[in-house]
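Take a look at this single chain in structure tokens; it is the form predicted alone.
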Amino acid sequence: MTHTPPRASHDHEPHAAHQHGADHDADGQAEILDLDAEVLAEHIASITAWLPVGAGPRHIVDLGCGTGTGTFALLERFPHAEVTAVDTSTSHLHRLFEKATKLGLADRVHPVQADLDATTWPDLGTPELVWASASMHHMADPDRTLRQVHDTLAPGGLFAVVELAGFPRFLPEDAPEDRPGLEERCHAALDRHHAEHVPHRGADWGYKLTATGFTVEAERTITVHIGPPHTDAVGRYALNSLRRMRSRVARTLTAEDLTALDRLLDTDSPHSILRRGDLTVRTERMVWAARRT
């Protein structure tokens, strides 16, 4: 199994020249990824428990591991397994490895920095399970990535693809009071942004997996509806998520909607999203379990 320290070389995503910017953005994503893991821990555990793996895998690869949401869920689900955690971001990998060390799991986690869009991947061994959560739609050529996963897996190994149905929703439909429906309008603007910049979001992964030579053994949709009442983590999850959404849709919102959104994001304001007691977390995740036969 390849074991590369979290601060390895910079030859990835998508070119070495862009690495500093990629890691700067990764720093901004880290908190929201950690909050996602905390808020949705029960739902993520239900996905790992559902996987049709039979005997527990000993070697797992987590593609696009981020700060370790899937990695640690898989380590808990499969106590005898080791995980090779692959990501383009040095800061994400460093954060993941720090968590593993604090949890006493450093000997079971092997961070590998790599550009998954590269034509040649590092040696990831021959895993019995490959996990890709919310990462496949970011690939420049997902069909090529699927072929690489197929060739990497052990014969009979399982590939678990987890994809988001959409960005989480947090506010009631009639909120905020001065601009009802604001969140839905932000989502419509975000969908237009994704259609332009993330063309593989919402792809038919079942079809793509079958076309690559996998046998799709099972698929399911996980529906998430949490609260109210909600925890502080949900409030921070909503705040960070809407901040990230704002960065993508601000230029297409009306001045009135942008002003209302900024009031929600102002943590010192009485209208701050952190002061609302009616927050929920509503989203869906689709899962495909595909076998290399």
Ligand SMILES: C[S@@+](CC[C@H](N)C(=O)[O-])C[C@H]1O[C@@H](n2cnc3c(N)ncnc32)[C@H](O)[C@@H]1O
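We number the residues from 1 along the sequence you see. Since this is a predicted model, take the numbers as computed values, not measurements.
What follows is about the form predicted in complex with the named molecule, which we do not show.
Chemist: 87, 114 and 133: each with a heavy atom within 4.5 Å of the named molecule in the predicted bound form?
Modeler: Yes, the whole candidate spot contacts the named molecule.
Chemist: Could you tell me which of 138 to 146, 179 to 187, 101 to 109, 72 to 80 sits within 4.5 Å of the named molecule in the predicted bound form, going by non-hydrogen atoms?
Modeler: Contact-bearing stretch, as computed: 138 to 146.
Chemist: The named molecule isn't shown here, but in the predicted bound form which of 260, 239, 33, 40 has a heavy atom within 4.5 Å of it?
Modeler: Only one listed residue qualifies here, and that residue is 33.
Chemist: Among 46, 29, 231, 252, which has any heavy atom within 4.5 Å of the named molecule in the predicted bound form?
Modeler: Selected option: 29.
Chemist: In the predicted bound form, does residue 264 come within 4.5 Å of the named molecule, counting heavy atoms only?
Modeler: Looking in the predicted bound form, residue contacts with the named molecule do not include residue 264, since no heavy atom lies within 4.5 Å.
Chemist: Verify the contact flag for residue 64: yes if a non-hydrogen atom of it lies within 4.5 Å of a non-hydrogen atom of the named molecule in the predicted bound form, no if not.
Modeler: Residue 64: yes, in contact with the named molecule in the predicted bound form.
Chemist: Taking the named molecule in the predicted bound form, which residues of 149 to 171 have any heavy atom within 4.5 Å of it?
Modeler: The stretch 149 to 171, when checked against the named molecule in the predicted bound form, contributes no residue at the 4.5 Å heavy-atom cut-off.
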